[in-house]
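Have a look below at one chain only, the form predicted on its own, in structure tokens format.
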Amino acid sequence: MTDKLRYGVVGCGHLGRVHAEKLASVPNAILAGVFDIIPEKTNATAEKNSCRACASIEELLSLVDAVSIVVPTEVHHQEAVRAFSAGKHCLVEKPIASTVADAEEICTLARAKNLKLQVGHIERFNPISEGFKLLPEQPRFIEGHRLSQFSARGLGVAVILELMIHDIDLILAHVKAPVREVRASAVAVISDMPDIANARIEFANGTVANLTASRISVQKMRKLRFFARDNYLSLDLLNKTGEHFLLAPLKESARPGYLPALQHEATGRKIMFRQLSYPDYDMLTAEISSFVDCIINDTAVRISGEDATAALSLAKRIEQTAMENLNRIFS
């Protein structure tokens, strides 16, 4: 495939409109058309982005090589199956589907059709994720806080599937061990679903992750902290900054980028410190560009359907445990 990839967007809600707008910055693709079940949204998005307003999903699929599926989660499966059946590559927003069974069916169909499936776990494209490479071994303990201010969008699902799933995906990408045990609790404050949730995840290799998510916080927060032997790594995914502390022998020479923070003569060790800062860029544009390049060059996508299904499976497990505790507390 040498010409620009013909691209379409299914769903012209808030995020779908953003997908359409970002296509203008993707050099190897052209936005050919958009579709939404509400014609006014289709027309407005098409007019703003100078592309075709399609009257049906079939019309859109006839124009394109690939689509972003940016519709409510409960119809991800329906639209992904429709697109794959028509021979189109798909970038499906997170979570991949409403159920693990639906997610597995999407993955199976993509493989059978030999089509690219990428899922929109956008934090994988966060520049601060480069900081993960500083850990010399698997972390022993992980602490995560993902807090958001109130928004009416997303209240139909638990905060676990709306927000916590981002950190679940990041952790599963770096902890290479099966999940052994999950404990979770949650509180419904402004909706009928958990609005604040905490999960404790134990992995078979001994790693423990403690994650908190809230969608009714006063301020935003996106932080992950990793504790490994002789290492502490703190990453601020919102501000693209972080800190890395490590223990080293006193006699060790200086490391590039690190400053001595504290020396302890009795143990013959010292703490070294490094401030982390990464240049910001538009992560959604990077995500779509990566997907387009994978199609053009026939390479593996960054976040596969199988990755997303694993994140969904763990999120569902956490949600089930949290809901059981929620019902027990307030029944």
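The numbering used is simple: start at 1 and walk along the sequence shown. Remember, predicted model here, so these are calculated numbers, not experimental data.
Here the subject shifts to the form predicted in complex with a small molecule, a form of this protein not shown in this document.
Chemist: Let me test this: is every residue among 170, 223 and 240 within 4.5 Å of the small molecule in the model of the complex, going by heavy atom positions?
Modeler: Checking in the model of the complex: none of 170, 223 and 240 is within 4.5 Å of the small molecule.
Chemist: When the small molecule is placed as it is in the model of the complex, which of 30-38, 296-304, 273-281, 46-54 ends up with heavy atoms within 4.5 Å of it?
Modeler: The contacting stretch here is 30-38.
Chemist: Looking at 78, 231, 148, 185, which is the one with a non-hydrogen atom within 4.5 Å of the small molecule in the model of the complex?
Modeler: Flagged contact: 78.
Chemist: Sort through 73, 207, 212, 126 and report the residue having a heavy atom within 4.5 Å of the small molecule in the model of the complex.
Modeler: When the small molecule is considered in the model of the complex, the option within 4.5 Å is 73.
Chemist: Looking in the model of the complex, any heavy atom of residue 122 within 4.5 Å of the small molecule?
Modeler: So residue 122 counts as contacting the small molecule.
Chemist: Would residue 194 show up as a contact with the small molecule in the model of the complex if we use heavy atoms at 4.5 Å?
Modeler: Looking in the model of the complex, residue contacts with the small molecule do not include residue 194, since no heavy atom lies within 4.5 Å.
Chemist: Residue 116: heavy atom within 4.5 Å of the small molecule in the model of the complex?
Modeler: Close contact is absent here: in the model of the complex, residue 116 is far from the small molecule, nothing within 4.5 Å, heavy atoms only.
Chemist: Just to confirm, residue 323 within 4.5 Å of the small molecule in the model of the complex by heavy atoms?
Modeler: No, residue 323 stays farther than 4.5 Å from the small molecule in the model of the complex.
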